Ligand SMILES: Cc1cc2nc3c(=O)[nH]c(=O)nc-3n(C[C@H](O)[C@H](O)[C@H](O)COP(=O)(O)OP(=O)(O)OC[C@H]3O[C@@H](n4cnc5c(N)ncnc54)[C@H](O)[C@@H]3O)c2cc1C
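Just the one chain here, laid out as structure tokens, in the form predicted alone.
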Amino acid sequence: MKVDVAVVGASFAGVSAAIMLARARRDVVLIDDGRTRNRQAHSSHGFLGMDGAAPAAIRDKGLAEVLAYPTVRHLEGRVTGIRGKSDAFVLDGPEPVEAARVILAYGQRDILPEIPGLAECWGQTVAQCPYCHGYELADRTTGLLAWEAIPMHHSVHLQDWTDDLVLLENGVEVTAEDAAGLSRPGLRRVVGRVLRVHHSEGAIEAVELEGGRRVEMRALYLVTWQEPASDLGEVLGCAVVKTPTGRHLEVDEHQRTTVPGVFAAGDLARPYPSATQAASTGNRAGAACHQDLLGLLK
């Protein structure tokens, strides 16, 4: 298959990029395996016109819209390799694809602490972003899990969603400077490592600490470590930005990576996850990619 642009990833960012190219009447193929970052979440919030809809429903609606354009195709499966250069990329996957440009939109993956029961609650009553999930989890006894470091930002950030916040120090050292920032109403500190999360079908009930102590709660926040969901960009030679919470691909204001002809969008190209920002950067990448094909992007 020969196309103008191959988009790797068909969630909010990838579909948004493809629709811009489709409206420019370019041949586009979307390739993905359906394993989106937000697949555990029941609903997505803050997305204009779609507040409360399931992420999969938003993605499926967008995919159906873009596939209504005659120049767009969708291949289900995983891209296992990309080689070549601008105007002559070759993608290995469900079927071989030749593309003049590539947009990487395969997203990030969240690395969770290896605590039994935690993953089963992820995206339901264990969350990272209060803007995404805080309204539904508000006014509950809420845990905040330290992991690698004390999440100082969240300790203040969560005060508009709960006045009963339990900082689970989880063996992380609290400095004198941290301690000063943690002395606020409604926050209590609990020492000891977290050994297990007790839940009922994803609804958290308590955490178990070393020594057998249980701390009751009905919501839990943590900051995950975030990694690209594939190494395709790095194998191509795209530069990577390292942050205190993970790694993402470096892009400029047009969503161009450091490799000519390769663009990146969505969480893959940002330090913080956001459905609306993923769609926005996908939109920008699609338009910029089209201008690049025309030789207009300098």
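Everything numeric here is computed off the predicted structure, so don't read it as measured data. Numbering starts at 1 and runs along the sequence shown.
This next part talks about the form predicted together with this ligand, which is not shown.
> Are any of the heavy atoms in residue 229 no more than 4.5 Å from a heavy atom of this ligand in the predicted bound form?
Contact with this ligand, yes.
> I'd like to check something about residue 5: if you look in the predicted bound form, is any of its heavy atoms closer than or equal to 4.5 Å to a heavy atom of this ligand?
Contact with this ligand, no.
> So in the predicted bound form, does residue 234 come within 4.5 Å of this ligand, heavy atom to heavy atom?
No, residue 234 stays farther than 4.5 Å from this ligand in the predicted bound form.
> Under a 4.5 Å heavy atom criterion, is residue 9 part of the interface with this ligand in the predicted bound form?
It does: once this ligand is placed as it appears in the predicted bound form, residue 9 has a heavy atom within 4.5 Å of it.
> From the candidate stretches 104 to 112, 152 to 160, 174 to 182, 214 to 222, select the single one in contact with this ligand in the predicted bound form, where contact means a heavy atom within 4.5 Å.
Of the stretches listed, the one contacting the partner is 104 to 112.
> Which one, 97, 72, 187, 79, lies within 4.5 Å of this ligand in the predicted bound form by heavy atoms?
Contact with this ligand in the predicted bound form is made by 79 alone.
> For the stretch 125 to 156, I need every residue with any heavy atom inside 4.5 Å of this ligand in the predicted bound form, listed N to C.
The stretch touches the partner through 132, 133.
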